[in-house]
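First, one chain by itself in structure tokens, the form predicted alone.
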């Protein structure tokens, strides 16, 4: 049922441009004796998309008749539901289900000479592309990347030569355009072989710019990308918008860790103390929160300005600064040097680990570099965590 996946996160099945409620599909399929996933069912519905069981996707403006059948024409502007969903996804909510149905779409008033832009079916990527084309007429070929963006999908093998050739054949692209050319994002080049696509489909691959906003200029320049269009950026804003999902992903482990901290904090000379668990537990949870803020937010935002290449080392630097500030703020409540050292080390470890975890979100690293960094720093982080735990327990006996 891969052909029916996408178009929203409400559990409905969907084809290009249409959302099909499960009941509507099953009823119509049983009446007509057809497979609910077949394309003919959708084509029948296009004549009257208001019929029970069908709903036009909010980003679809109309349908255009072509020699290969009706194609949904999408809007370039984002609506309230798009913006609301984007906010959710930035916080990691419904991230794995944020997809559009793979297939061919149009934007503007595309015709037989219009360019064909290839993209992923992660809706955030799809939205970035259409938002960048307010005055452009083109076809958009969406590949089934399982809801993953172009760059990551190319590395995982879902934004691939095989998938591109399959989509070209499935949508009968040769019946829709007179030329034999598709524009593939530069970041998808690792997954798509231009030579193999040409051999298998007859279509020539042209690698487009990195950023969707450069596509109109790319077209005006006779499909040539200048040096700026080929360079990956990682600006303050681009780093900032990635931090919510990093923090959100840390919250569940943080809640479990907090429970452990309260238990460990209650250990003392008289066994387990609820008052000790509460008073000392709050201090340790505060150190945890400081580490999360330092490693999950401050380090990514200030990434280029923090010394050292390794992200774990960057997290140690920012973690040290915020851990010292924490020590100054709560020093009256800490029992001796052992307690201070324990909280300092603990906050530092959390900051370093979360900063290192951010390596998979940036263009600054490579797989081999990440592996090397993890082998070097994870043993150090584990050792520091063990020392911190020992000091924290010992501080209760003084």
Partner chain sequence: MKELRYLDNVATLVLDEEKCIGCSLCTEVCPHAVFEMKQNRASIVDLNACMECGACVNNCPSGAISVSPGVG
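Positions refer to the first chain, counted from 1. The structure presented is a predicted model; accordingly, all values stated were derived computationally and were not measured.
The following text describes the form predicted in complex with the partner chain, which does not appear among the structures shown.
- Within 4.5 Å of some heavy atom of the partner chain in the predicted bound form lies at least one heavy atom of residue 309.
- In the predicted bound form, residue 222 stays away from the partner chain, with no heavy atom inside 4.5 Å.
- Contact annotation: residue 370 falls within 4.5 Å of the partner chain in the predicted bound form, judged by heavy atom distances.
- None of the heavy atoms of residue 181 is located within 4.5 Å of the partner chain in the predicted bound form.
- Residue-level contacts in the predicted bound form: of 78, 189, 321, 242, one residue has a heavy atom within 4.5 Å of the partner chain, and it is 189.
- Just one of 282, 124, 247, 232 comes within 4.5 Å of the partner chain in the predicted bound form, counting any heavy atom, and that one is 232.
- Contact with the partner chain, judged by heavy atoms within 4.5 Å in the predicted bound form, is confined among 107-115, 204-212, 251-259, 131-139 to 204-212.
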